[in-house]
Every structure is written in C-alpha cells, then in structure tokens.
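Below sits a lone chain in structure tokens, taken as the form predicted on its own.
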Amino acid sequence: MSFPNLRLRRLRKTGKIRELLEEVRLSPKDLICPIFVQENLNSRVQGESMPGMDRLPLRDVVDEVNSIAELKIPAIMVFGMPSRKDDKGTSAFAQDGIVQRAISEIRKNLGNEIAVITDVCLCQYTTAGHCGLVKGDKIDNDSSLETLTKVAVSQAQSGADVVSPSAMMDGQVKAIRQRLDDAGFSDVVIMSHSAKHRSSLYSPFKDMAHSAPKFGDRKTYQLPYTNPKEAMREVETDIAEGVDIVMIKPALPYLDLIAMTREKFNVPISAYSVSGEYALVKAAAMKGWIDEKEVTLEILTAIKRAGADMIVTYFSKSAAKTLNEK
C-alpha cells in the first residue's frame, strides 16, 4: 500500500498541532515523590550522591510535603532513618518510630491533601543492613515476614494510605494483606516492589538512607536482571497474593518489563526510577553535557509510554514545576 500524498511532518507543523496529537501525556499527577526523614536530625542534610535531595529533620516534614502537594503531585513515599538499629529491626515497627511520627505529623497538619505511601523493609533498621532478618549468614524469609507485617500494621495505624513492601521476601504480600485485614485495615493499599532487581543503580540510595548491607549482597532475594520470565512470575505471584499495585524497579533499564507487565496483566503498574538513574542525569547536567529538564521529561515520558500508571522518581518536584509551567 502506498501513500503518495502523505507527509507526516504536517502533523508537527506547529506547537499547538503537536499538542493536539500528543499520544502520551505526562502530568504531575503521574508522579510519586520520595522523601527521606532522619531521626534526631536538627537541619536538612543534602545527599552527596543525590544533589537536590535532602535528609529531613522531623520538624521540616510538613513544610516539605506541603510544597510537594502544591505542585499537584498526588503522593509521597516516606523513607526513614532511625537513630538506633538492632538485629531485629525493632525501630521499623515502633509506634514512636521516625516514619510513624512523620506520617502522624503529615496527617495532623495536611489531612488527606496528599496520599502517604510507606516503604516496608528492614535494611535501614537492622545492624546487618539487609532487607530481611539474618540467621547465621543467611536472610531468613519466614521470620522476616512476621516482622514486615508488624511494620506494615504500625504504618497503617499511623495513617499510611499505601504500604509498599520492598524486601522481596517470598509471601510478603499475602502475609501483609492478612495482617492488615485482621487489624482492621482492609482499605489500606499494598503496592509491592514485585519485580525488584539486584541493581548497581541503588548505590546513591544506600548512601542516602544508610542502608548498605554489612556483609554479602542481595542476590539471594532480589531478581537477576538476566531473567525476564522470572520477573513476570514474581509479578504474577504478587497478584495471586492480593496485591493492589505492582512495581517494576529500576525503571529506565527495564522498560521492556514494564511493557511486558502491561501486556500480560490487568493491574495498576508503578515504576521506580531509582537513585542511580537520578544521579546519572544530575551528574551529566552539572557538567553541562545535557539539558536536565528535557532529559528528565524524556525519561519519565518513556517510562509512562512503556505502560506505567505512576512513577516514583526523585525528579518529581522539578518535573512537576516544568510541567505546571507548560
């Protein structure tokens, strides 16, 4: 079939025509903004490997979250850094824990102006720095599940809308769903880090959140990036266990897995554009090698184009500002 009079460039002639024909529209409403809250901190501390991202003292949390909400970003994801760690991760589920206190402050001052998502993991809270509890020289899956359920319930009690288990323990969604339901929190959403890959792109986060493992690595519980079929099995398992939203993590190098998930499953999809993706762009922009605003929008649009319904990104605030100015 031939189209002798077809000139696709006609569809790009002016800015308004291009807007009219835009197939994928990125919006601040697609974004989830991570925040880092550190216990016993007196003032903000910028992460060296994540320029523009701060560790916040508790007293600054409400102002920071309010500034995020004003940009029309609908949700935050809270990560906490406790003042004490132990081998059981007890500060992760303490009612006066840093995340629990942060949620309470947000709820007291901002009500439901923004959705609060919490990370359910143990790496920031244990002396070993692993996502689960350690027995001997191994991460023990089943004892970790019991602790993760305590974390999720304590966060729900503080006012979390969504709990987001990221430990990659087998059965974590089922265990958390059961415990939330039993505790009267059947309306709390679970957004699981369903296909969380073992990636070097997490390094800036480990520095920012003080969560690097003290021995070994996370290859026994995080996914290898060589196995897309295994990733789909992880997603399918979480769906079978009652997950509400699945997540692919990291995002940019795994666009194929986002697309595969979109094609195979009728479920909301989150993609986490991780700290290394952020740091690479920031470093190149600081060198003057790229236009940070344009590259950021291109990356986030590509993630949405692949099939993500929502994107966790450290570029949330800057991207929202750019989008709101359009």
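All figures in this text were calculated on a predicted structure; none of them were measured in a lab. Residues carry their position along the shown sequence, with the first being 1.
Heads up, the form predicted in complex with a small molecule isn't pictured, but that's what we're talking about next.
Peer 1: I need to confirm a contact call. Of F205, Y254, F93, Y125, which residue comes within 4.5 Å of the small molecule in the predicted complex, counting heavy atoms only?
Peer 2: The option sitting close enough to the partner is F205.
Peer 1: Among T118, V163 and F185, does every residue place a heavy atom within 4.5 Å of the small molecule in the predicted complex?
Peer 2: The answer is no: none of the three residues contacts the partner (heavy atom, 4.5 Å cut-off).
Peer 1: Would I239 count as a contact of the small molecule in the predicted complex, using a 4.5 angstroms cut-off between non-hydrogen atoms?
Peer 2: Because no heavy atom of I239 falls inside 4.5 Å of the small molecule in the predicted complex, the answer is no.
Peer 1: With the cut-off set at 4.5 Å between non-hydrogen atoms, does R218 touch the small molecule in the predicted complex?
Peer 2: Result yes; R218 sits at the interface with the small molecule in the predicted complex.
Peer 1: Evaluate C131 for contact with the small molecule in the predicted complex, applying a 4.5 angstroms cut-off between non-hydrogen atoms, and reply yes or no.
Peer 2: Looking in the predicted complex, residue contacts with the small molecule include C131, since a heavy atom lies within 4.5 Å.
Peer 1: I'd like to check something about T147: if you look in the predicted complex, is any of its heavy atoms closer than or equal to 4.5 Å to a heavy atom of the small molecule?
Peer 2: Result no; T147 lies far from the small molecule in the predicted complex.
Peer 1: In the predicted complex, which of 195 to 203, 99 to 107, 173 to 181, 148 to 156 comes within 4.5 Å of the small molecule (heavy atoms)?
Peer 2: The contacting stretch here is 195 to 203.
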